[in-house]
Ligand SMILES: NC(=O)c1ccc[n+]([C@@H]2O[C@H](COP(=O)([O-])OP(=O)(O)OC[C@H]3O[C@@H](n4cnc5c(N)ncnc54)[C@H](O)[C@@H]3O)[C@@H](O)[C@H]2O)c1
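Below you'll find only one chain, the form predicted alone, shown as C-alpha cells.
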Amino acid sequence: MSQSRPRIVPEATVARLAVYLRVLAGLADGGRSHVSSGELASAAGVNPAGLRKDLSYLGPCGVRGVGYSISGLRERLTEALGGERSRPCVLVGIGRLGSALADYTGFASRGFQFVGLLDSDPRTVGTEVGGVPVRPVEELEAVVADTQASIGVITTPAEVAQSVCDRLVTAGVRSILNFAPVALTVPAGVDVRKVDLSVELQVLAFLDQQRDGSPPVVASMRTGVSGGAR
C-alpha cells in the first residue's frame, strides 16, 4: 500500500497561517480558551470559508458548535510553521530599523533568535542591541559559521544589499528577509522575502484615497495624458 504524499501548502496560505497564530496569541494573552471560526476569521481579516480552507491543511481542528481550542490550534500552527524549535538569525545593518528589529522581544516567543548583529559603522560596532554585541561586517562569514544561523535579515542601504546577500548565501544561509529597497538575485535553493515599507504605505494611501471618494491615481494620469494629446 503506497503512502499518501503530504499536501503542499501554498505560500499565500502559509502567510495567513502566521497571521492566525498571531491572533491566537493575543486571544490567549487575554485569557481566552476557545474561539469561533467567524471570530478568528474576522480578527485575521479573512472570510470564514477561507479560514476553514487554510486550516484544512492541518487536518481536523475545530469542533462544531464549540469552535477551536486556542491552545490546541496554536500548537498545531506552531508545528506546521516550524516554530517548535529556535531558529538562529543574523541581522546586517544596525541603523534605526535594524536596531528596532534586533531589540524587539516578540521574535523570541515565535522561535526566532538574533544570534549575530553586524554593521560597518565603527561607531556602532562594539555596542549592544537587545543584549547582543554588534560585530564588524567583515566578520559576517565567521558569525554565520559560529552561530549556525539559518536566516539572514538585511537592513542595509540598497547599494550594498546585494553584496551582503551574496556573502550570506556563500556562508550557507538559505533564507533571507530583505528590508533594503532593492530586488535581490539569489541562486536556486535560496528563499528571499522582501519587505518594502514604502510600497505598503503607498498601497494604504491609494486605498485611503478610494475610501474618500477621490479619483484613482491611475485614472487621473490617463486623463492628463489624453488631455495633453488634444
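Predicted model, so just to flag it, every value in this text is computed and none were measured. The first residue of the sequence shown is number 1, and the count goes up from there. For clarity, a rigid core is taken as the largest C-alpha set superposing within 1.5 Å between two forms.
The form predicted in complex with the named molecule is left out here; the points below concern that form.
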query: Distance check, L197 to the named molecule in the predicted complex, heavy atom within 4.5 Å; finding: yes
query: Touches the named molecule in the predicted complex: F112 (any heavy atom, 4.5 Å); finding: no
query: Contact label in the predicted complex: E75 to the named molecule, heavy atom within 4.5 Å; finding: no
query: L101, heavy atom within 4.5 angstroms of the named molecule in the predicted complex; finding: yes
query: Selected contact from G38, G172, P181, G50, since only one has a non-hydrogen atom within 4.5 angstroms of the named molecule in the predicted complex; finding: P181
query: Listed residue that, although the named molecule is not shown, lies within 4.5 Å of it in the predicted complex (heavy atoms), from V143, L81, I151, V160; finding: V160
query: Stretch in contact, per heavy atom within 4.5 angstroms of the named molecule in the predicted complex, of 186-194, 160-168, 39-47, 56-64; finding: 160-168
query: Core-superposed comparison between the shown form and the other one, L201 Cα displacement 2 Å or beyond; finding: yes
